[in-house]
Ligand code: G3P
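A lone chain, given as structure tokens: the form predicted on its own.
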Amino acid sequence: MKFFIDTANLAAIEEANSLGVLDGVTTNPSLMAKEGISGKENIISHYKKICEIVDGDISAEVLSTTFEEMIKEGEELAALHPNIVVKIPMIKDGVKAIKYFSQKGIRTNCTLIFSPGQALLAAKAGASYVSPFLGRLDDISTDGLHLIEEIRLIFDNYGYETEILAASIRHSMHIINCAKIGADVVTCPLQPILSLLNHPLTDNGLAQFIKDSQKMI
């Protein structure tokens, strides 16, 4: 399973990359705004900086919602770096744009997926990734992990090569359960990734090893 970090914070990206397990980055307008990044030139410059840090797929989201505007914006983003994946919203014009980009050899990530039908349409149109938001489904008392299971079954049934990129990951158990179900990728903030390191028995064991090693000296 691939690990992506879902942020626009360069320090967090660098820290995750230093672990040696990072495969890519996802961003969105909200994450850019959180870092105080606005304006086309600044956003473009920030994507370039991310591409310099991580040697992996970088999802760059279009801000447009019409077919023509998404095509123009997506082509500009794709031209920035070979690792850029154009992030497209799950709307009618978005599906049309995914089909267009797939025919042009431009990779896409269909975002804001909340149902198996949406994932199926995106895969049928040729999306490289679909991003089901499991945490947001959990927030409204719906089983987000079940959505991942349904998409996995459908894609396996028909041999779709579209990768399932589990998004809206809130904690380490989301990551573990996505791995069990067969998600191809998880994307999340830095903290859930770091939480995978933690176990009290590891801490206790290490403390004992250190204590015993001091006796040997």
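None of the values given here were measured: they were computed from a predicted structure. Numbering starts at 1 and runs along the sequence shown.
The same protein also has a form predicted together with the named molecule, omitted here; what follows describes it.
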(request) Heavy atoms, 4.5 Å, the named molecule in the model of the complex: which of 42-50, 164-172, 146-154, 66-74 makes the cut? Say which one. (result) 164-172
(message) Just to be sure I understand the contacts: of 62, 31, 185, 181, which is the one whose heavy atoms reach within 4.5 angstroms of the named molecule in the model of the complex?
(response) 31
(message) When the contact criterion is heavy atoms within 4.5 Å, does residue 100 count as touching the named molecule in the model of the complex?
(response) no
(request) Verify the contact flag for residue 136: yes if a non-hydrogen atom of it lies within 4.5 Å of a non-hydrogen atom of the named molecule in the model of the complex, no if not. (result) yes
(message) Residue by residue through 65-96, which ones have a non-hydrogen atom no more than 4.5 angstroms from the named molecule in the model of the complex?
(response) 87
